[in-house]
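There is one chain below, alone, in structure tokens, taken in the form predicted alone.
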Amino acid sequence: MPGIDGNRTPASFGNGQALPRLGYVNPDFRNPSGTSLTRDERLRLLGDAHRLGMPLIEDGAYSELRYDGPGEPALIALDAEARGGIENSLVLYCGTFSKTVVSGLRIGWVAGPRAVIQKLFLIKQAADLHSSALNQMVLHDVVSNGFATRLEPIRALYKGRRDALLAALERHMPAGVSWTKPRGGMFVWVDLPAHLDGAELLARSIAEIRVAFVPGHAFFSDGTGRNTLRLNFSLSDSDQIETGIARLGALLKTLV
């Protein structure tokens, strides 16, 4: 696979900073924002990856959970088409059934050039001997008998909860609060006024109104993002969503 060579010395920027050796991307309804890469963004990313000789790990965990509009091709599909096949691709696609079929089995898959898959097989075998054969057999039987039809009720359920969350945010959030409107996935990203801190808000929210969320600061590596938070809509039903967002909105109105 081009770009994977343990003996290579990394190239460097003009300031002496080493170039990246590996990229990770969640192109569809990514965690935590729920947003997706456009086709142009995907093509630019692939072009940069090949220019740098940088392999990409494509995390497709949420790709099947699309509720609105047409989807974009996976990075690995675009790369294989442009490079004459998957064997010339710089992308490893990681999929999972945990978000679409059953979470407890913890089974996924990897697609990529054969030589890399063979090495990953050996690494996996050395790391934990083997994933449960029985779990894999059960899941193979399930997905071989109508995987697409099984997705429809899941998508319908999550779409309804997504819509309920977006509608509740419109009704209850004060001025100065904004949020993403994802076409799929499980998350909505919220930007608070700059003076608010998501972690401090969480502490008050749990203590005073018994509503929990994830402070956005946890998703930043540079110490920023303190005035952001992530909301998940996959677990709570519409009534719980309405109640929770109404309480959170009322609390925020006392702070903005």
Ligand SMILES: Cc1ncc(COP(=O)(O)O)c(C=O)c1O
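Numbers follow the displayed sequence, beginning with 1. These numbers were taken from a predicted model, which means no experiment stands behind them.
Here the subject shifts to the form predicted in complex with the named molecule, a form of this protein not shown in this document.
- Screening 202-210, 38-46, 56-64, 220-228 for residues having heavy atoms within 4.5 Å of the named molecule in the predicted bound form returns a single hit, 56-64.
- When contacts are judged by a 4.5 Å heavy atom cut-off, R161 does not count as touching the named molecule in the predicted bound form.
- Looking at S98, you'd find a heavy atom of it within 4.5 angstroms of the named molecule in the predicted bound form.
- Residue contact with the named molecule in the predicted bound form: N31 places a heavy atom within 4.5 Å of it.
- Put simply, R106 is close to the named molecule in the predicted bound form: some heavy atom of it is within 4.5 Å.
- In the predicted bound form, Y24, N26, N31 are the residues of 17-41 with at least one heavy atom within 4.5 Å of the named molecule, listed from first to last.
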